[in-house]
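Before any questions on how it binds or moves, here is one chain, the form predicted alone, in structure tokens.
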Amino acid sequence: MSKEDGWSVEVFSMLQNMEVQQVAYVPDAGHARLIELCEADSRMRAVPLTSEEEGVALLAGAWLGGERGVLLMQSSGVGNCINMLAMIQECRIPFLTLVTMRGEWGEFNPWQVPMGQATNGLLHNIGVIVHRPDTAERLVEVVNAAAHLAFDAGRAVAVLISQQIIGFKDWHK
């Protein structure tokens, strides 16, 4: 089992337990295993997106239709969602997003650094509650707490998954 498989399987199980029915995502290597698991589950509808802000609207509609959802994205997609997150805040729609981070520990792509460094502050400034687990072992616990805060208290919550947890690509090998 790879480093990614461990947390992906556990987070998937937690999402099942929280009765998440819709999983919106832009394809992302950091979420690849989690996306595969969600696509294979007949109780979940995995919806590929062309841009992350579509996921915000999709999850708002899911909630209005009585379903729970989660948006899987990379930190570079957070900037695409800022205007849409205003709707989430003003309408008090429960919102859960799992964000794989780029632009930090071990990053090779300089284009990922600015948004990766700004993600936490941008989400916080728009009113999203941000959780950042410090280890892979705590990830499931943090996602579970975030899911309860989102779905039970009607809040917008983001879990930022660091490159130290998902691993980083070494393009020099």
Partner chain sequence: MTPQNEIILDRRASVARILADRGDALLITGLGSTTWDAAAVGDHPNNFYLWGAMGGAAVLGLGVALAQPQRRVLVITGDGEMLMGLGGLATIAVQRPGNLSIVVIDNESYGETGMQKTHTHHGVDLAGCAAAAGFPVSRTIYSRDELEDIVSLLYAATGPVFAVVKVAATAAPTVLPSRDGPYLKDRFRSAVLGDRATG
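Numbering follows the first chain given and starts at 1. Please read these numbers as outputs of a predicted model, since none were measured by experiment.
One more form of this protein exists, namely the form predicted together with its partner chain; it is left out here, but the text below deals with it.
For the residues Val140, Leu49, Ile126, Ala118, the 4.5 Å heavy atom test against its partner chain in the predicted complex is passed only by Leu49. Checking Ala60, Leu37, Val130, Leu122 for any heavy atom within 4.5 Å of its partner chain in the predicted complex turns up a single hit: Ala60. Here the marked residues Met18, Arg33 and Asp41 all miss its partner chain in the predicted complex; none has a heavy atom within 4.5 angstroms.
Of the heavy atoms in Gly65, some are within 4.5 Å of its partner chain in the predicted complex. Its partner chain in the predicted complex comes within 4.5 Å of a heavy atom belonging to Glu54. Residues of 75-93 placing a heavy atom within 4.5 Å of its partner chain in the predicted complex, in sequence order: Asn83, Met84, Met87, Glu90, Cys91, Arg92, Ile93.
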